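Okay, so here's just one chain, in structure tokens, the form predicted alone.
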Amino acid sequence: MDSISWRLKRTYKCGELRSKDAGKEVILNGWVHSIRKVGRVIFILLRDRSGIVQVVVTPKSQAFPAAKELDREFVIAVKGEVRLRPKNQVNPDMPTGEIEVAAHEIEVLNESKPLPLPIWDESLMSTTSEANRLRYRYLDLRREKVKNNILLRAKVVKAMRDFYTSKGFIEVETPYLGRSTPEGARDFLVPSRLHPRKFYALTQSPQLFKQLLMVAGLEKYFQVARCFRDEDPRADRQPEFTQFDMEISFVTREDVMSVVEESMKYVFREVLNIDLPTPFPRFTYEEAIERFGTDKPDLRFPSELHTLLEDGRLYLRYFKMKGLGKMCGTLQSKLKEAAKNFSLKGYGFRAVDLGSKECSEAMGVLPEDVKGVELEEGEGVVFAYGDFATASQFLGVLRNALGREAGIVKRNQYSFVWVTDFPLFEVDEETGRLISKHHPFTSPRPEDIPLLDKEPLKVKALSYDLVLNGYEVAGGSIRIHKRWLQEKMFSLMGLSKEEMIDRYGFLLEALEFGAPPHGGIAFGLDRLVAVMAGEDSIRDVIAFPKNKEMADPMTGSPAEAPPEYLKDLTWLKLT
């Protein structure tokens, strides 16, 4: 049996060695990233979390016999001397490119089977299926790109903790095992062994608990919270995700938005060395839909929506955008794909490529007016004809998507915007009932309270979403802190007195014991880090994500429960 003891414990990390360390004897521990032989000399790129360094083994070295037996991803220890590389061999693309380590001794700490993923070659990894990457996620995480995303995430969390702690916030952990309060997404239910026929629910957010912390007088709270939602599979959603959650007492909407802006300014400076301009731009929900077609506008490009024709209840709306001229071959398919989710009378595009040649396509019914929009070389225009909301939202989806693909966005460009004054209610398409636009604990604007009884759909909320590069990265509101108003909210949503007490009695009672005015926000930490990292999917910034089917191909979860666990749940009828 191989020994599990080892002698050569590292004295330096691979990525920290520089020319100033020349002449030092060092011990390095890490993984063999690659091996190449030049004549009889063996060159090893040795990798640990800090980076990569070149190790040189000559035939005269005591380490040579061991080096000949190495393969990719072996875990080894190297003892040797740091020396300067010859000037013609300096690698300016490596932080350690001025030096190398001449190996005197190599100890193999563990061998590796041939890897099922080509993690040493990013071009090959780009053709590797996500299913295989998630099946061997612990190997995928060895890649520089993925590893750096996880390190970035850690830096963001630390910076946010540091900022909010410096502002007098305290970190409080709230329960993950709560009770089911079915208002939003479906809960994950956990059967109780000690309380037959009863269930816990994995909390969808700390919302109710953090409001109770304000009633408790803690005044300033934050938490890095895991949240759970049993949703149907959707692109870029996870059944468990992370929020950076905060709440403050005795504040107005302006107070919350101000501290959030300050926190983002701090985080981007600390993590990315970027100085964000503040204050962030602001649009009401209605303004955002009118000008950008979405409540998640990407402001990195200036294109706005305009109305070309209003014909009764039908509107012909459009936006122009630079860069669309080079996308003539793909615009038709992109519009058709987006249109599947919208009921429009017609839609289409015109574009002028760099050779001043025009391409166009019209689908459905489009008025002749579309020909009246003038275009410069390289520009394109996209049209939609239908009711105002549908035409606007269709164009809003395309505006964000095409703007990212048209090559008009600068790398490492970040554009925050606030969207405020959302409707307090919307109508559920299946039931026809009023439901809350955000959540039922959001306060209406005081001036709109008289509208609650007669025209509730006209009531605006004291809510605010923070949007970054076209993605919502945080959402918050001023909360209801009066029992009568909270009961009013529940009543308008169709809850009976009995249902209110059964689901939310603890909250309603707490609001009668001196609940202060309070508000807060929750950052979608996964999405925020993904945008900062330039990733399209949040799965690329989560260490062990689920796949698109909400399953984990690495561990095989979800899986059947062991029979010995189920015998204690005989009351639970399994079919």
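All residue numbers refer to positions in the sequence shown, first residue = 1. Note that the structure is predicted; figures quoted are calculated from it, not measured.
Another form, the form predicted in complex with a small molecule, is not on view; read the next lines as being about it.
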Quick one: which of 123 to 131, 167 to 175, 199 to 207, 421 to 429 gets within 4.5 Å of the small molecule in the predicted complex, going by heavy atoms? 199 to 207
Within 4.5 Å of the small molecule in the predicted complex, heavy atoms considered, which of 443, 263, 243, 294? 243
Of 323, 239, 475, 346, which one comes within 4.5 Å of the small molecule in the predicted complex, counting heavy atoms only? 475
The small molecule contact in the predicted complex: residue 521, any heavy atom under 4.5 Å: yes
Quick check on residue 399: any heavy atom within 4.5 Å of the small molecule in the predicted complex? no
The small molecule contact at residue 229 in the predicted complex, heavy atom, 4.5 Å: yes
Any non-hydrogen atom of residue 79 within 4.5 angstroms of the small molecule in the predicted complex: no
